[in-house]
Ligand SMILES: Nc1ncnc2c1ncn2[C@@H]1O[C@H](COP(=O)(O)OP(=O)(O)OP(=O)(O)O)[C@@H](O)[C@H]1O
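Here we start with a single chain on its own, the form predicted alone, put down as C-alpha cells.
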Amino acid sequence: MYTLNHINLKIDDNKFILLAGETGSGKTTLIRCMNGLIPQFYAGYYKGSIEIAGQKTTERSIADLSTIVGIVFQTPENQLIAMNAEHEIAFGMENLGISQGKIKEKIEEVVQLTNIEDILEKAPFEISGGEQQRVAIASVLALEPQILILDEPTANLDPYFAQKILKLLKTIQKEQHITIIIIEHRLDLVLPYVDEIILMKEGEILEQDTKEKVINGKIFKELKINKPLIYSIFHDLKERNLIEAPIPVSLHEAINLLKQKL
C-alpha cells in the first residue's frame, strides 16, 4: 500500500494554507516530497512528479530546493545545531557560499522580523520552546524561500505562545508575500489565520478550497479530526435549525452572527 495515492495538487502564491487530516493520512509524507527529502533522502517507491516554482524536485538537490521550500519541523530543538541563535541563522547561508556582507544584512532582517534580538547570543538549550521555534523560522527565512512549511509548530507550546507563533507567521506571509503551509491539529488556534484548507485521508487529498467552503462541507464534518469549538457549537445550532447562516470561521464572526440572531 502506498503512503500517498492519486495526489493532484496546485498551490498558488502568497497563501496561508492549513494541511489537515486524520492521523496517518500522509500529511508529513506529502511535505517531505515538496522539498525533495522524498525520494532523495527517504527511500521507497516513487512515481509522479512535483514542480516547485517550475523546478522538478527530483532534478534539483535538497540544498538547492531549500532556497525555494523551507521546512520547520515539529521539534525545533532537533533542527538547531549551532552554538547560538546567530550562528544558527548564518549556517545555511554560509553553506550556500553567500557573502559575509549579505549574511549580516539577512540576519538583521530576519531577526527583526521574528523579534529574537535578545537571544542571539544564547544557545538553543538556554531558550524556551517558543523562542526555539522563532530561531528555526528565522534560519529558514534567511534562505529566502518562496514556500515556508511548518509541521505542527504549536505542538509543544502553551496557547499563549502558540498564538504568538501563528500571528508571527501571518505577519511573515503578508510582509514577505510567500506561501505558508502548516500542518496543525489545534484548529481552534490556526483557523482564523489561514486562507485555504487541504483535507487528507488515507494518503489522498479529499478537498482543497477556501476555509469557509471547507468547514461548511460534508467532508470536513465526517473527517475524524479535532473540530474547532466554534464549529461544534454552530454545527449543532444548524442541525437544530436555529441558524441558517454558514458556520463562522473566527470568534469575531461568531459573535456578529449571534448578535444578529439575538
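Don't overthink the numbering: it's just position in the shown sequence, from 1. None of the values given here were measured: they were computed from a predicted structure.
Same protein, other form: the form predicted together with this ligand, not shown, and the subject of what follows.
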Do all of Phe91, Gln112 and Ser139 end up near this ligand in the predicted complex, with near meaning a heavy atom within 4.5 Å?
no
Give a yes/no on whether Gln55 approaches this ligand to within 4.5 Å in the predicted complex, heavy atoms considered.
no
Does any part of Thr23 reach within 4.5 Å of this ligand in the predicted complex? Heavy atoms only, please.
yes
Find out whether any non-hydrogen atom of Arg60 is located within 4.5 angstroms of this ligand in the predicted complex, and reply yes or no.
no
4.5 angstroms heavy atom contact with this ligand in the predicted complex for Glu152:
yes
Just give me the single entry in Lys167, Lys174, His185, Lys104 that has a non-hydrogen atom within 4.5 angstroms of this ligand in the predicted complex.
His185
Which residue among Thr210, Gln40, Thr28, Thr67 has a heavy atom within 4.5 angstroms of this ligand in the predicted complex?
Thr28
Want to guess which of 230-238, 215-223, 191-199, 28-36 is within 4.5 Å of this ligand in the predicted complex, heavy atoms only?
28-36
Residues from 3-21 in contact with this ligand (non-hydrogen atom within 4.5 Å) in the predicted complex:
Thr3
